[in-house]
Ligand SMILES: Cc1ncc(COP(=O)(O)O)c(C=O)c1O
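As structure tokens, one chain now follows by itself in the form predicted on its own.
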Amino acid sequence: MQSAGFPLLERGYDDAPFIYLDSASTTPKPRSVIDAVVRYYETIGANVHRGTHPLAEAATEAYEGARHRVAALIGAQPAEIVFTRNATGSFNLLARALRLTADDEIVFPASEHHSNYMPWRVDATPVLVDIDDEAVPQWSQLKSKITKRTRLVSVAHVSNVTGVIAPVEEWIETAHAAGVPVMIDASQSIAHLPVDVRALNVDFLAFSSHKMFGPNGVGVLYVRRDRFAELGLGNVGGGMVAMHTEDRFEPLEAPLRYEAGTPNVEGVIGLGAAVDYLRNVGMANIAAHSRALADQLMRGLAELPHATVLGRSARERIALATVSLPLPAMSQQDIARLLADAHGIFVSGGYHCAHVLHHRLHLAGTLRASAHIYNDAADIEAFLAALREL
């Protein structure tokens, strides 16, 4: 493992080295991100968009500077970036702002993460695109699923269960041809692949800071500027009001109208530092490294007897692979714990917030390994060797 620059990985767990293969859940933070958060606490510590004293001005400058960095990362304008608590918060905010009703249909694959499923089913009607026996959506179904009641098409750029890269360009083109906007979940792709919202021509896009080397508790909702006009409000309260009297109020212009209350200032500043880190490494370099580890993972898992490997036939993927091992009297969660205790390999075991996917495949959980830039071929081989031993 290439742990340099990541204090958590350098220190180890209980003073023992470990191999971290759970990046799809959350990523360790590089020193530059930690330093940015500590620097805010030690040198600024003020709220944003409120006071006029030097500390408040410095906080606002750093916070808005992070907004510019995030916008540049995905090819957006700063005014199109809304900060939320996480990707889940972004989906919920959009669901509220769309003012959905039970007559509205939201089309998305049955493989989606709960965060791209639950917000749509609460007030609207989900319409699922089927998945095959490897958990890969049957992409060609989209056109037949869109009706006059379809309000939105939503899909993960990369599946958090299979690691498969979706043909989002084709889906956006199909949806737009029917006059339907598209929401992209970039939670798993944002730190592995270059993402350009202008090139994609996507309407909405969401991701979380904690999956891209940034702090927890920060998410991003990208809204194409012309789409703001059709959205209602989300959260309301302090910080989003331009004028408020007893009989009326006027909200601020977007994106601030969607950032009510004191935001996670230090988290947003840390996210800006994480974006700098990603761009310094280079998204093209990260993507190449991710694909190389993905190839190694899939080749090794394919050699395991009786193992069920999800998304095994897909060619485009990141360094994330999921498998079900038929070990007597052991759940996939048990296997994950055994890997940690006996081999110092940290992976995820369970349903990965995708119950519908697992129910459709009749799987009682799966084992997921997800690598990143601090991993190398030796880490992948250690994981595969442990599975072969089991």
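One rule holds for the numbers: they count along the sequence shown, beginning at 1. Only a predicted model underlies this, so the values are computations on that prediction, with no experimental measurement involved.
Although it is not shown, the form predicted together with the named molecule is what the next lines describe.
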Heavy atoms within 4.5 Å of the named molecule in the predicted bound form: which stretch in 302-310, 79-87, 280-288, 166-174 meets that? 79-87
For this chain shown on its own, do 296, 317 and 370 all sit within 4.5 Å of the named molecule in the predicted bound form, going by heavy atoms? no
With the partner omitted here, the residue among 151, 96, 210, 257 that in the predicted bound form has a heavy atom within 4.5 Å of the named molecule is 210
Would you check, heavy atoms only and a 4.5 Å threshold, whether residue 115 touches the named molecule in the predicted bound form? yes
Is residue 24 close to the named molecule in the predicted bound form, meaning a heavy atom pair under 4.5 Å apart or at it? yes
Can you name the residues of 171-195 that have a heavy atom within 4.5 Å of the named molecule in the predicted bound form? 185, 187, 188
